[in-house]
Each structure stands twice: as C-alpha cells, then as structure tokens.
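Presented as structure tokens, the chain that follows is alone, the form predicted on its own.
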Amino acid sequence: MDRFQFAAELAREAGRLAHTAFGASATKSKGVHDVVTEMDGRVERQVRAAIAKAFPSDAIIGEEEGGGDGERLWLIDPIDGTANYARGIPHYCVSIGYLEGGVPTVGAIYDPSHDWLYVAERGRGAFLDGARMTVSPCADLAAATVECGWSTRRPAAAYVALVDRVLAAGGAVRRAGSGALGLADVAAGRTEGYAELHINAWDCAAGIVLVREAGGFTNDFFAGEGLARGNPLIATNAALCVKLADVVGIPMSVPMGRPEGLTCPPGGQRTT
C-alpha cells in the first residue's frame, strides 16, 4: 500500500475512533482556551502505531507526543478543533500530513461528523469522497469569504487588526475553530481564503497539500522554523492570491504543476 492510500484509510479509521466519544471525552486544559481530551491521546497513539508498523523508518511528529524530523515525515493532529469536539460541536477532524524531503506530499483529513474524507497527493490532485476538488474561481475580494484563524500565540489586538483589514477590503469573515477544516473548505471551493497569524505544522500540513492540489496557493509555510515552531499561513485561489496576501501581510508562493499561465505573485516563491 502506498502512503496516499494508507493515509486515507488511516484518517478514516482514526476519525471513527474519535467520534465514539464525541462531546463526552474527559477534558483538561493545556493553556488559555487550549484543551485536550483523553481521546486526543488515544487517537494519536493509534495513528503512530499504524505508521510505525507500515513504514518503520519514517519519522513522526504529533501534537500530543511530539517527535523528530526526518526525510520522510508524518505530521499528526489527532483531533483538530478539540474545543468544538469537547463541546459536542460537529466541526472537528483528524488530520494526517506527510512530507518528503521537506515538501508537503500527502494529506488526509477526515471529518467524522459529516463522514467526509478529503485526500490529496502532490501531482495527483485533491478529492472529497472520490470527487475532484477545485478552489473557488471568485476574483472579487468583496464577494469572498475568508476564514481568519485565531491563536493565543499572537496578541488579541493583532487578530482583531487582521479581521479589520479583511473586512475593510470587502471580504466576509468567519471563524469555525479548525484550521485543518478551514483549509479543506478552501480546497473544496466553499470559501475563498484562510489566514492565520500563527498555526502549528500538524494543524496545516495535510490542508496545504489539499489546497495546492485543488489549484490553490499557500505561502511557504515550512520556511524557517515553520516545522518546529509554526508560522503564519495564508491559502487562497489564483485570482485573489496577490490581493489577499497584501491585505493580510503574508507573502505567497506558488506550487509547481499549476495550470499554464499562472505566474508567481510578487514576493512569492515557487516551490519544488
């Protein structure tokens, strides 16, 4: 079994385990507005064990148990949207990303509440339950919806300013509490953009592959200390990438393999 098929099946299996305790798993606080449930640990251990058995030489980093970098690296968020999950709000997922040589290569996100499986592999496209996904074609920021993720790792004033800039540019703003699903929404064309001033690698590794393979664009998230410490993140379509990047202040990059005629936005960087 290749890593693409493996990740897809594992995400679904892990999500079904998580959903058995939806809204009922024991919870403790990791910090201000940051909770973890007993099920986060159970799911991560299950995913780690499956990867270790199938690909014993691969490295693993998970939100709950950490890990180390490697040429072939898995990034696991066992429950993204834990606050929603703990409260019985049906907007959370299991996110499994795979990097090869530092390049986001495979992504699998499973949303148990809707039984939706999002998968993508570099160069092969992005799919929702087998149907190919494409980002929204919207070219007008005044007609766009942008999800603005919130993190306690940045000052509240910075987040308020981000939202204010998007609103001032004419965009509609939402926040639903799962960065991974926010990126899946961009890939599926439900929203036109996602922006967050700081997000961790396990939250977005899979979603970055989804967006890029659905024809979209992201910044070079894994530059610098993105893997170890997180980075800002922006994801959107070709028509809005320059406009939205200017509004949120995060330079864009363009994945290889996009349709002819697309060029790298100013300040952007073509990924290899």
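In this text the structure is predicted, and so the values were computed from the model without any measurement. The first residue of the sequence shown is number 1, and the count goes up from there.
Just so it is clear, the following notes concern the form predicted together with a small molecule, a form of the same protein that is not shown.
Residue in contact with the small molecule in the model of the complex (any heavy atom within 4.5 Å), chosen from 75, 188, 117, 199: 199.
This chain appears without its partner; in the model of the complex, the one residue of 134, 145, 151, 113 with a heavy atom within 4.5 Å of the small molecule is 151. Stretch 151 to 159 is the answer when you ask which of 166 to 174, 151 to 159, 97 to 105, 135 to 143 has residues with heavy atoms within 4.5 Å of the small molecule in the model of the complex. The shortest heavy atom separation between residue 44 and the small molecule in the model of the complex exceeds 4.5 Å. Contact between residue 79 and the small molecule in the model of the complex is found at the 4.5 Å heavy atom cutoff.
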